[in-house]
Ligand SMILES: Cc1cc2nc3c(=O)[nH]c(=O)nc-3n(C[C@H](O)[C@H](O)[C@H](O)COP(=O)(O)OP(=O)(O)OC[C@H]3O[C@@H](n4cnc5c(N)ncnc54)[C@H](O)[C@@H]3O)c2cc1C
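Let's start with one chain on its own, the form predicted alone, as structure tokens.
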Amino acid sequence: MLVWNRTYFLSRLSVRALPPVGFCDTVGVPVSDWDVLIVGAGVSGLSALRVLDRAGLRAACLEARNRIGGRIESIHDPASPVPIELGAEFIHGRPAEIWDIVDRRHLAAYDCVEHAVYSAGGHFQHDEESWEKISGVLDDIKRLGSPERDRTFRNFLDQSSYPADLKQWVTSYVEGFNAARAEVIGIASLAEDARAADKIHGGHSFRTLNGYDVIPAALVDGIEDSQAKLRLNSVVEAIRWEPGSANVHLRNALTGERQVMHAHRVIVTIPLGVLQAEPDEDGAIRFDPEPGEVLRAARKLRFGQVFRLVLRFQRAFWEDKHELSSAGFLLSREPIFPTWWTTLPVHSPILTAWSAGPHADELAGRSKDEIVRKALSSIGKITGLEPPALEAAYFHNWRDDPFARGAYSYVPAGALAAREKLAKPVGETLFFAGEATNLDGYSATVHGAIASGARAARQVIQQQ
């Protein structure tokens, strides 16, 4: 999702595991008598569960992992001065879906330091005018991007008269922020997302001091007997359905035991990358019969790739250089890890490395040790300093995670209508949610995922 702000390439979309719920049936609710089964306990699935539970429907949420949160993964390391975010980190603007939780739970949310430093050829640039130039290109996209005149971002730049240097920087921005390829992503979706962000002050970003995992935890709060309705370690392998009835086939990730659960309706909230997987691939779900229009729509979209690495040093060595001492973001043209950010305004010896879109290709199949070495080489070249001893490196490979298969979705040129088809119920029985199905311009965000889960739940309730 493209949002103009000075908080550069932001990860969007862990919760500490709840006590595991076994494969036993919920007391008093026969396995064959669920109103709704929800596949996936990311924020979309939890949002759906919350709405359905409040409406009095008998609903259960099935999660393959041993924790809730999906692509939110917060590490609370006692040795770290702040929570370590391996997935979502930033609150984009002031979306009600998140700020209602922040206010209700009296959380500490603080403004990010958005001052960026450009590093090129050993020189540092603090030129505010550069941001304004990039912003001007994005404003042009908002003005020109429409479904009727959609084209790739690369084509848009090629037909423009922007200076070559500006084209390079804005390409790096769009590819990094959206985990996309310039020759694929369409300007119609970029424009739609940017206009939607304007409505919630999306140019301003925040972090929560408590860790992002408070968001999914808050969605569970208030659900009666929530531990019984959240079934962790439950890998859904197949959904066999007919109008008004569905059998969900699942496997216990710990014991291998298989079970079939029945419900009148199913809400599927798995990431787009998992929905796009072939039926025989690890983590994929087989549908019988296949919801053809939904799966065709899913294949028209793209699921971006990101490698994100959080490094904790003995000290904030980059602050040794005056030019970098107040930097919230370090932007460069390094081929693998071009983008970094600090924890400012909280001072800590922690840096996050970000490699997205085509930059991520070089890291596919690499070990964590190799990725760390490449990151250290990159930050050394960007800063011109020798990094001190590394105390810890935190990493989750979302690309190879069978229940994620990547970072978040984006829309190729000419495919904007696919999101609407992806969000359309099938046979009044299958419903789809998740950030890729958001129709409000908030795809690829946590608040967009939350909204999509609530939307799918309301669709179910309307069928009652």
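Owing to the predicted nature of the structure, the values given are computational and were not obtained by experimental measurement. Just count from 1 along the sequence shown to find any residue number.
Beyond what is shown, the protein has a form predicted in complex with this ligand; the following relates to that form.
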item	value
4.5 Å heavy atom contact, residue 213 and this ligand in the predicted complex	no
Contact test in the predicted complex: residue 92 vs this ligand, heavy atoms, 4.5 Å	yes
Non-hydrogen atom contact residue 308 with this ligand in the predicted complex at 4.5 angstroms	yes
Contact flag, residue 197 vs this ligand in the predicted complex, heavy atom cut 4.5 Å	no
Option touching this ligand, based on a heavy atom within 4.5 Å in the predicted complex, out of 301, 382, 236, 263	236
Partner-contacting position among 203, 83, 328, 283 - heavy atom within 4.5 Å of this ligand in the predicted complex	283
Region of this chain that lies against this ligand in the predicted complex, out of 264-272, 184-192, 383-391, 291-299 [heavy atom, 4.5 Å]	264-272
Residues within 4.5 Å of this ligand in the predicted complex, restricted to 421-445 and counted by heavy atom	434, 435, 444, 445
